[in-house]
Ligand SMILES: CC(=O)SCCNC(=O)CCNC(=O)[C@H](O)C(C)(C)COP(=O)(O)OP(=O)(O)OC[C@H]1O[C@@H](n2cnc3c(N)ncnc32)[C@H](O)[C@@H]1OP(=O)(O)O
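Shown here is one chain on its own, the form predicted alone, set out as structure tokens.
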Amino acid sequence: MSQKTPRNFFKPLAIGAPEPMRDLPVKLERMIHFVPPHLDKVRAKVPSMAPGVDVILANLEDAIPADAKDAARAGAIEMANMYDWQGKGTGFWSRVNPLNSPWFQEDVSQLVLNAGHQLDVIMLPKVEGPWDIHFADQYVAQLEAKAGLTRPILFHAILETAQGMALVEDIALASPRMQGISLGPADLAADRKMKTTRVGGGHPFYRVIEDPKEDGSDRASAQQDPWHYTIARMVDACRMAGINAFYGPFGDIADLDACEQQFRNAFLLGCAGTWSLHPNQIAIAKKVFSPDPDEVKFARKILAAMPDGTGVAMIDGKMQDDATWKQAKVISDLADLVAGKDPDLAKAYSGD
């Protein structure tokens, strides 16, 4: 047998560790805003920034210089105590260094022992297979027991290698700690040997072109999304496992239009949220990953016309049935979650 039996899957992995969650907490996670904890000026803004985002992440990995790793780790622990994350509902996450790095063990141990009471999720980069999750799972359980935590810390994996992509379903199912998976387009592009230096988004060389015209005139062409397959497969793996899929970073901070389009593509395909690397991406993520008020109103027409989710109805000239009722429920439920945090959208969704 290559996996745990169902009865053992939800048993704590260490004596004294908290019981694993059987269901994920229902939380709004439209944007995961990355903060470099080693920078004092940026870290000082965290308490004022926290109410306006869904998740703040203390980043210890990429973009943190090797000689600043210790300072970043100390800054992350300070961030945990700068705000009442659990009481006020903004998520507090941290991206640690990879399992094969010299910093992983210290990152995880210090975070769990000194910030575990506030930490919701540990983001694990460059996950190659379920064995990475299993190792981290056992280690964190031992630390949780030592720290006396009563709430388990969840895991979020980043899809950054071809092997991780090939095993994404196994990764999604590896542990009850799994909260979700994000696309890491830069590292994944390099590992696949894709010929691009862009971090997410489309590419002018990745196009389709119409057939030749008889008169020899110019042929129309359109830029395509090279991440469409990857995102869709990641979403399928996550939803199969009952966890959430996320788009990752969009690297061109100045190109807000392209950022919005990439976020919108991911949202439409089923992603729950995305990363924001700069404050100017927060508002974009908030707008894109909140359902459009007109879509919400139409979805609720469907739900009202078919209260028990069965049968058929004609609404605005469009046939609705059991399947479209389920689609409408997805949109309406998300609107309810958003309304709980955003009074302006709550008003728009209610039609007042």
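Residue numbers run from 1 along the displayed sequence. All values derive from a computational prediction rather than experimental measurement.
Not pictured, yet referred to below: the form predicted in complex with this ligand.
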May I ask you to check whether Lys297 falls inside a 4.5 Å heavy atom distance of this ligand in the predicted bound form?
no
I'd like to check something about Trp275: if you look in the predicted bound form, is any of its heavy atoms closer than or equal to 4.5 Å to a heavy atom of this ligand?
yes
Examine His156 and determine whether its closest non-hydrogen atom to this ligand in the predicted bound form is within 4.5 angstroms.
no
Taking this ligand as it sits in the predicted bound form, is Ala44 near enough to touch it, meaning that at least one heavy atom pair lies within 4.5 angstroms?
no
From the candidate stretches 59 to 67, 303 to 311, 284 to 292, 323 to 331, select the single one in contact with this ligand in the predicted bound form, where contact means a heavy atom within 4.5 Å.
59 to 67
Note: exactly one of Pro176, Pro249, Pro98, Gly201 sits with a heavy atom within 4.5 Å of this ligand in the predicted bound form, namely Pro249
I need to confirm a contact call. Of Pro279, Gly270, Gly148, Gly242, which residue comes within 4.5 Å of this ligand in the predicted bound form, counting heavy atoms only?
Pro279
This ligand in the predicted bound form: within 4.5 Å of a heavy atom of each of Val35, Met49 and Ala186?
yes
Within 281 to 314, which residues come within 4.5 Å of this ligand in the predicted bound form, counting heavy atoms only?
none
